[in-house]
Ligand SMILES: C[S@@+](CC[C@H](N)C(=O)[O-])C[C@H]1O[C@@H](n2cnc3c(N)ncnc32)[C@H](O)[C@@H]1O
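Given as structure tokens, the chain that follows is alone and in the form predicted alone.
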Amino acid sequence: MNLFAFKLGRKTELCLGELESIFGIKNLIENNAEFAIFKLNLEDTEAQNLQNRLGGTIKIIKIFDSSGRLEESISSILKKTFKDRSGKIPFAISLLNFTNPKEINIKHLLNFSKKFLKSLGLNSRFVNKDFSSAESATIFKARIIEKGIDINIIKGNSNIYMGETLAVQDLDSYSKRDFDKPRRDMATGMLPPKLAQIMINLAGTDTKTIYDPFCGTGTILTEGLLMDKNVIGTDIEQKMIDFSRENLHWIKREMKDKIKETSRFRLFVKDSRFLNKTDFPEKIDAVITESYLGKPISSLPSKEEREKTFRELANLNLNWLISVNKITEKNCPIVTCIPAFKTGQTFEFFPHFEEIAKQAGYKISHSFIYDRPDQIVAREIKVLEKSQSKTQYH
């Protein structure tokens, strides 16, 4: 078992929730706004594959020292890594959780590392711009992990951790899946692939088959295939089913080396308020979906309009949750998005959703918010579990 640090994405609570769902909270050593450290039995060679399945992690770092002796630790890892290397070596130094820029003299450490590599007879260059902490995008584009090393200095609660980056987000792959797929529909909302991954992971690891009752253009289904799931999608519109099918065939062609031949998808038109057990001969392990968030808007609606939207969506959410409850087993979780309006610096949340979930036979186990600075409608992500008490449908 070793310590691994996970650099968290922008919505840190959501990103941490994803990791806790996969690794278990008992393996969490410490965390703050920038990183989480877990004790795991993870092989170095497995890190990039894991990274590719984590929507909320920017990079995975293996901790190799916590003594606080920075120059000694850097010398040791450089000598160990490059003792049998030749050619020009790119490298980077990244700082996590240092709020005071004077705490660590990164310029000194970069020059120290370059001089040490020269003493080993090696040419090198660092990619840190203006002697500041290296950006993850720079590390990815410069292929630092394959060609050199990214050394991380992490300020923990009581230790200074030193770690080597083993994996970083594949930005090109995310961009391809988001923007190059043949069918996109701005009117129905564009669920980011990273968020779809997070939602799938929030359901836990024991999910062989997932179901999306509002599949739209198939983002959740696409990411499910890439995560070795069998996926089922329904939508009330034939057009959306056609879009999903086209996107799923596209991803299977474009990324066939990343999708197992045994992974399957099934699509059909269905109103999610009227599901039947006969529709699903297979066992559904989790329901992952972004239900209808309301009509597209370009400005904040009035209070009356917002209340009307919530009333309309309350009935829809109650009915589809009741319908899903009837066709799934008791241990089948739901991860869904509901709308929240951004009003200045605060959010106006979906009123009484807890009561709606309870009426449908569910309880809320986790809630997270996902928003972007330029968005009016945020996504509130709810993880639902079936209630133990007898379900009362209304």
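Don't overthink the numbering: it's just position in the shown sequence, from 1. This is a predicted model, so every value here is computed, not measured.
What comes next is about the form predicted together with this ligand, which is not displayed.
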Candidate spot I93, A134 and T165, all three touching this ligand in the predicted complex (heavy atom, 4.5 Å): no
Which of 303-311, 170-178, 272-280, 78-86 lines the interface with this ligand in the predicted complex (heavy atom within 4.5 Å): 272-280
Candidate from L226, L267, L321, L191 lying within 4.5 Å of this ligand in the predicted complex - any heavy atom: L191
Contact assignment for this ligand in the predicted complex, among M240, L202, L110, I149, heavy atom within 4.5 Å: M240
4.5 Å heavy atom contact, G233 to this ligand in the predicted complex: no
Any non-hydrogen atom of D285 within 4.5 angstroms of this ligand in the predicted complex: no
In the predicted complex, L316 touching this ligand (heavy atom, 4.5 Å): yes
Touches this ligand in the predicted complex: F214 (any heavy atom, 4.5 Å): yes
In the predicted complex: members of 94-128 within 4.5 Å of this ligand, any heavy atom: none
